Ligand SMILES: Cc1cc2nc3c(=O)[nH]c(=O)nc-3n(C[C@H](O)[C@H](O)[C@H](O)COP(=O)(O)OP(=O)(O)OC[C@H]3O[C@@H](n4cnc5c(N)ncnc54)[C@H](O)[C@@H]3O)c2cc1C
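Next up is one chain by itself, shown in structure tokens, the form predicted alone.
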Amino acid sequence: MTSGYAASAATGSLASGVGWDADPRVPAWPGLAPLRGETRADVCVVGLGGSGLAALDELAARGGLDVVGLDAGRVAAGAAGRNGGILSCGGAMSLSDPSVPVESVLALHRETARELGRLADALGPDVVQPTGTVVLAGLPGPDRDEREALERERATADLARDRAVREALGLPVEDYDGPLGHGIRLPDNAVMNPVRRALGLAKRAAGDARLHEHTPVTAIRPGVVETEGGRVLADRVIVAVDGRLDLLLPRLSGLVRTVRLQMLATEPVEPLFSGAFSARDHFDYGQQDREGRLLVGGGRDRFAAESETAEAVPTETVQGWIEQVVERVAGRPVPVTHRWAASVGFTDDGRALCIEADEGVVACGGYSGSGNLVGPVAARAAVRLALDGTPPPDYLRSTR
């Protein structure tokens, strides 16, 4: 059977670009001039995604600092604007992992919830929608083969454990029985258009820092950030980059690796569900936006070998799987309008990194596909580490 990916490629009917970029705020974005020549600053922040923008906010709150922020492309053109738009309290760290102290689980949940509150206060309900998220053991509908049946059986047991742990820790959790099937609902989570989030925060940050888009960084060493068009001389450098962090700072390659995640967007359809969903241990995920479009991603585990790459280009195999996820969610095939990929950072244990990579150079990343709230938490910790020498909390240490 020919997939929609192959058919649309053959006819040239597939729209290019990222589905989130269809938002009218993208063409209205005035842009930020690239860095040209040499400049000096107290702090240079590399990366203007969710974590880099949070670092700028943390620095602005201190006052009196001369700060420069750099991004290789447009704000939110990387993973910060290409993810599922799910704001998950707690991140990717497993609740059932006995090596993770209970205090760390609660502390991370508390900090990510606080970060969600900051976003909601700063950007309002037009960007942050507190809808909660649904977690399913398997995809909607009956299992199509033995592998799906086994996955559902194992994931159902995992969900039962997670629900019990959440209840024991006093974390919000509910049973879900709705149009997507059966599972649990996490009422304290939210959804957003990630591009709206990033552009909104960048607009706010531009009043306190000198920001530059389309300024790829070529080298980082103590006190100096080299770019294609110039350099920044800075007392402190904060590298807030998730995907390709191991390429930008090769000394971190043993702690974090770059992985490709893929998504697609569809034409608008009738309302199917509220908020966001994830299924199969969060490998598949998505949301339906206010216009009725389905924005869905997943399939990394099904095609693991081709996902272990720094190339941010969609592939036919993974896109074909995501089409199946859409069909299961909608109950029928839905025309696809956009397809895209993103480079993100993964750690072996799901704990994000916040680490001094070199003298005066602090890096944060490795959010393992759940960086919309964990990333800003890690970035704020990176500011404290860089400026005050405050060690990061345990939930930001990769221990394996």
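If you're wondering where the values come from, they're calculated on a predicted model, not measured in any experiment. When you see a residue number, it is the position in the sequence shown, counting from 1.
Keep in mind the form predicted in complex with this ligand is missing from the figure; the text below concerns it.
- Contact annotation for residue 83: at least one heavy atom lies within 4.5 Å of this ligand in the predicted bound form.
- When this ligand is considered in the predicted bound form, residue 46 lines it closely, a heavy atom lying within 4.5 Å.
- Taking the partner from elsewhere, residue 229 is found to have every heavy atom lying beyond 4.5 Å of this ligand in the predicted bound form.
- When contacts are judged by a 4.5 Å heavy atom cut-off, residue 256 does not count as touching this ligand in the predicted bound form.
- Of the candidate stretches 143-151, 122-130, 83-91, 163-171, only 83-91 contains residues with a heavy atom within 4.5 Å of this ligand in the predicted bound form.
- Checked against this ligand in the predicted bound form, the residues 206, 159, 72, 100 give one hit for a heavy atom within 4.5 Å, which is 72.
- Residue in contact with this ligand in the predicted bound form (any heavy atom within 4.5 Å), chosen from 112, 266, 262, 189: 262.
- In the predicted bound form, 367 is the single residue of 349-367 with at least one heavy atom within 4.5 Å of this ligand.
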